[in-house]
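Next up is one chain by itself, shown in structure tokens, the form predicted alone.
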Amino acid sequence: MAKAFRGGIRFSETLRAAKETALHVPLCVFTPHIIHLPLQEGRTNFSPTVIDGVHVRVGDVVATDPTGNTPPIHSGLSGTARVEKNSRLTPDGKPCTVISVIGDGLKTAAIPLPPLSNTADPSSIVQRMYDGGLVGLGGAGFPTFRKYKDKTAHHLLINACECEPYLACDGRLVIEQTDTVREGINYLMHAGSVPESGVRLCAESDAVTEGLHRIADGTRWKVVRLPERYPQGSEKQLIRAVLGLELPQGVYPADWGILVSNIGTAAAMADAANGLPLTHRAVTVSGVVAKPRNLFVPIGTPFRELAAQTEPLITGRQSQLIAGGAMTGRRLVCADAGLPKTCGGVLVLPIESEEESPCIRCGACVRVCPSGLMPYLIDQAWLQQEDGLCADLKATSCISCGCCSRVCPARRQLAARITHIRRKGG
């Protein structure tokens, strides 16, 4: 029996209708003329494995993490590689080394890795996760091989709860790529030594739930239909809703015998098992547009080109491009930056006023916080530079869902500030 998690919000009928519209738009392949691959992801600094001017193929490794903690980056185009130091072709406009690949239009593929057998042992599957460049495609981007390495779990939750408004690309994968997703889930199940009865496929919408039933047909996997409530797709909230378990702060689900993977990661696992690394992903282009699009594109596709594939209803200074979802996405500083592995949405939205008013102590942020925090008090402590009080108020338990800012009548930038505190560990 699914159980409700604490807090959260239910979106308006308008936003839910926009999402439903996008869910009925089939995936379409789009190939740009160029891709941009930043060599800095979070705290990881990659080293290029190609030199300026060399020819690369689809699937060639172009950069690796010297520490081995993050899987390599592969090219999604065939063409000429350009290595530019201190490039600002990044979503936040901050300089780093960027590898661009200018496509030759041939889509020449690299020699694939040998396919895994259906009886591959867990260590072989985990190694393929690394070699295939897999990270969590739901947004967090945690390296998949590190989540599954040396794990024996009781539960595997496959997350198709695309709870952000507007976004529907995961749902399209469920509907359109049934066999691929099923194959990927099988590999994930074996990688984590999860019993077949411990696999649960989770969704919020009727159409996606029907797709999950087709995927689970002939197995002992369970399909769980959850109520539409944001942030249902967040890892700890999903575990609470499906398993009724409340994980303590600082505890990884895998340490409790629970593995959670996004539906897109499952599809990518199937491709990797068949020798194809992660070079492409599904993405929804939506927002205030005439018609949303669900596209299957090379990672590194410029955001500007993605936005151009639909018809924005607002342009110029009144509009902004958001990388990701309306709740957790970030405004793009550089629209020519490349789509990262973790980004499932490109939104055209109006620019809203960021002028803040004093907190009126209404408590709305407290009521919706799924982590049970008191955002307005953390915000006050941060503004007064009281780091110790921020720690006492458990600011690091924030999941950066944005619910607090969404409901704040004073337009306080609560989520942004608390996320800043969490990232610096304060």
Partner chain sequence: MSFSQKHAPPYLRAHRRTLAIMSDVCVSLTPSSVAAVWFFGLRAMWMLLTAVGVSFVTDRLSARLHGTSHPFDGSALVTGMILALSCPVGIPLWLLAGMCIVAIGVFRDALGGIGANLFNPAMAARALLLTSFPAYLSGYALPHAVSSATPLSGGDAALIPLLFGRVNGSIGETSAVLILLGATYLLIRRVIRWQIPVLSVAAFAFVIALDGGDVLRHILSGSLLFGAVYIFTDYTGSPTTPLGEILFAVGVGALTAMLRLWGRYPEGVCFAVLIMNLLTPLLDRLTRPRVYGTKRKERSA
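Numbering follows the first chain given and starts at 1. All values derive from a computational prediction rather than experimental measurement.
What comes next is about the form predicted together with its partner chain, which does not appear here.
> in the model of the complex, which of the stretches 258-266, 245-253, 181-189, 76-84 has residues with heavy atoms within 4.5 Å of its partner chain?
Replying inline: Stretch 245-253 is the one.
>> Just to confirm, with a 4.5 Å cut-off on non-hydrogen atoms, which of G363, G53, G68, G42 contacts its partner chain in the model of the complex?
In response: Contact with its partner chain in the model of the complex is made by G363 alone.
> Which one of P165, G136, P298, G344 is close to its partner chain in the model of the complex, taking close to mean a heavy atom within 4.5 Å?
Replying inline: Filtering the options by heavy-atom distance leaves P165.
> Could you tell me if S353 has a non-hydrogen atom within 4.5 Å of its partner chain in the model of the complex?
Replying inline: It does: once its partner chain is placed as it appears in the model of the complex, S353 has a heavy atom within 4.5 Å of it.
> Hey, in the model of the complex, is A335 touching its partner chain, heavy atoms inside 4.5 Å?
Replying inline: Contact with its partner chain, no.
> Does V61 make contact with its partner chain in the model of the complex, using a 4.5 Å heavy atom cut-off?
Replying inline: Taking the distances in the model of the complex, the answer for V61 is no, it never comes within 4.5 Å of its partner chain.
> Is F30 close to its partner chain in the model of the complex, meaning a heavy atom pair under 4.5 Å apart or at it?
Replying inline: Outside the cut-off, so no.
> If we check its partner chain in the model of the complex, which of the residues in 123-155 reach within 4.5 angstroms of it by a non-hydrogen atom?
Replying inline: Nothing in this stretch is in contact.
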